[in-house]
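Shown below, as structure tokens, is a lone chain in the form predicted alone; questions about how it binds or moves come after it.
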């Protein structure tokens, strides 16, 4: 798995974006990096995939320090993919099929295997019906799905996602959630950053809170989200479900949908019992 040890990154102007940051990708299947703007989340993502080389410290992959030789990074990026925040900058071709197939063709994959992977990626991201539509006619949410399909077609073991739900309408957000749910179900490890606290609380089992380039706190998401002092320091809101837990004593639900389903199930049981009682 991937991890960092005492990672520091300093920009040419002397600004330290990361300071002694240690994160361990083996601590969860879906790991969150949260913090205010400028906390270092995107810089850490770039370091994890080898786009930038640390000023100090190391990135480790499968127990070995990451090599920054071109051929080694080329092999490394066959196993890890990044979906950036600005989908427009990740979609290059005018046609959806060609865009998703780009990385596969770049590594010299057989045409039949490329076709199989592209079609599968389009299916799991729900864009098969958009195959003939030019990229410039797609919505922001649809472009986000194309970018995700391009990464998933590589069949990575790890997927990094920077603000995957930012700027999406409810329908598009639900689609992205479904894609992430399926990816996790297929054994893909996900490390993501987001300001959407409800989304993080629902999906992520481990969370790192970054503040001014440092790890402010870390732990199981359900525990970190109860650390009001840390959230306040990092200028983060509480999740809706943790607020409901505190105000109403509702426990054990990671999303509003899960709570609604539980309430509806309880209502049905009450109705069934009432009908049974009336018959007796």
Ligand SMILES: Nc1ncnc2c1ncn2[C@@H]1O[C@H](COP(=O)(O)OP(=O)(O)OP(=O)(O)O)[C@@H](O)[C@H]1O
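Residue numbers count along the first chain shown, from 1. The structure presented is a predicted model; accordingly, all values stated were derived computationally and were not measured.
A second form of this protein, the form predicted together with the ligand, is not displayed here; the remarks below concern that form.
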| field | Listed range touching the ligand, judged in the predicted complex by heavy atoms within 4.5 Å, from 32-40, 65-73, 216-224, 243-251 | value | 32-40
| Heavy atom distance at most 4.5 Å to the ligand in the predicted complex, all of 97, 172 and 179 | no
| Is there any non-hydrogen atom of residue 205 lying within 4.5 Å of the ligand in the predicted complex? | no
| request: Verify the contact flag for residue 85: yes if a non-hydrogen atom of it lies within 4.5 Å of a non-hydrogen atom of the ligand in the predicted complex, no if not. | output: yes
| Close approach of residue 195 to the ligand in the predicted complex, 4.5 Å, heavy atom | yes
| request: Using the partner position in the predicted complex, report whether residue 163 sits within 4.5 Å of the ligand, counting heavy atoms only. | output: yes
| Which one, 272, 266, 22, 15, lies within 4.5 Å of the ligand in the predicted complex by heavy atoms? | 15
